[in-house]
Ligand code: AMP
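Here's a solo chain for you in structure tokens, the form predicted alone.
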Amino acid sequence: MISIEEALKIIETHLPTLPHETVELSEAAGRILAETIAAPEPAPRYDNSAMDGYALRYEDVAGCAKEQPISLRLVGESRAGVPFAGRVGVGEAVRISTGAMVPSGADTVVRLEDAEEKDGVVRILACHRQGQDIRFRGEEFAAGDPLLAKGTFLGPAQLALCAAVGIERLTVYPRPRIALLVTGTELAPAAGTPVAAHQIRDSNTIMLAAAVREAGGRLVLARHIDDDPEATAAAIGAAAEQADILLCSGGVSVGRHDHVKEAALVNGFRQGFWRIRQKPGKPLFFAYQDHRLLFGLPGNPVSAFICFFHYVRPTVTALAGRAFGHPVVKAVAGTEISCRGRRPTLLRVSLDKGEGAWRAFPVTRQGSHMLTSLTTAQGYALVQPGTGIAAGEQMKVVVFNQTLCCEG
């Protein structure tokens, strides 16, 4: 058996480089930018008004005051989307709306509340400085300035920025294609089919499919395979033709009916490791082939999920353009947390906020077949054998929901 740290290093060493994709802006939400974007045009694109008011020449109204207003002749209007076509001359002003283009000849905008309009004349009661309330062309950024860096997560704000400067397509990291093969003759469909006394319902397919999507992968195949060596080898061979990552559940232990490891080797995969010094999930199998990876997860649902989260999820997120690692929060142990076994344990914990900090508590049921150990937990902590974490001691928790990392 190898250590958890060694296993992660081996996986990271064999991460393939997948080709980038070019997608329409409307399809880029949630993706990671694969190139640095330079601004194709300045922002703002033209001088425009920051307020509703009047566009005029500052030299015509310098020194005006409420007690000594200066009158200007109104010669037109500049609206958002309908600019004034002429030029503002001496002693003239143009009505202007917020966002409207500042007309030629004008260099200042006076707000409505600092003016009085009547019969084609506007009296300017106050003007504090030349250029006031104008958004000048290029003041946010000039054409050619860096706009978004490679590695940027494309959320609503980033997409809006691209749209604002006319960018229609973006080059992004791919969503890794993942084929899910769930083994086990004893498995029955989770719903809609009677379950015999000797069968168990398949929960791994729906769990791992959801985990793949949450991690940013693209599920291209999900199928069940009986515990048969020829069928397992054929399924792995077929899946390898359409996936970047093969994700197998079950069939990786030392029993007579565990065929995933041998089937992978028959199909040309090379073993990276098999079995990790940890609990749960000791029989994890990892193999690689050219630009393709294979993970053989244990069949027990909790072991499968924990192995997915600790080893597969970082792989998927890295191929999709994020860092190779885990979402972690700092917490304090709400009670003593210990590991009495002989292997490092990925201990499921619940989290709550106490006095502004996260507090972690081990969940009651830790069995690798007990799904409630996941539904009652918000994450897990790595606890070394023969050691403990005292109540009140700081610790790190890998969280299932990454938004918890942003909550303090």
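Everything numeric here is computed off the predicted structure, so don't read it as measured data. Numbers follow the displayed sequence, beginning with 1.
A second form of this protein, the form predicted in complex with adenosine monophosphate (AMP), is not displayed here; the remarks below concern that form.
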request  = Using a 4.5 Å heavy atom cut-off, indicate which stretch of 102-110, 317-325, 115-123, 297-305 touches adenosine monophosphate (AMP) in the predicted complex.
outcome  = 297-305
key: Listed residue (88, 182, 246, 170) with a non-hydrogen atom within 4.5 angstroms of adenosine monophosphate (AMP) in the predicted complex   = 182
ask   = Can you pick the one in 289, 71, 203, 193 that has a heavy atom within 4.5 Å of adenosine monophosphate (AMP) in the predicted complex?
value = 203
query = Is there any non-hydrogen atom of residue 187 lying within 4.5 Å of adenosine monophosphate (AMP) in the predicted complex?
reply = yes
query = Looking at the partner-bound form in the predicted complex, is residue 250 within 4.5 Å of adenosine monophosphate (AMP) by any heavy atom?
reply = yes
request  = Could you confirm whether residue 133 comes within 4.5 Å of adenosine monophosphate (AMP) in the predicted complex, counting heavy atoms only?
outcome  = no
key: Contact test in the predicted complex: residue 92 vs adenosine monophosphate (AMP), heavy atoms, 4.5 Å   = no
note = Contacts from 320-347 to adenosine monophosphate (AMP) in the predicted complex (any heavy atom within 4.5 Å), listed N to C, are none
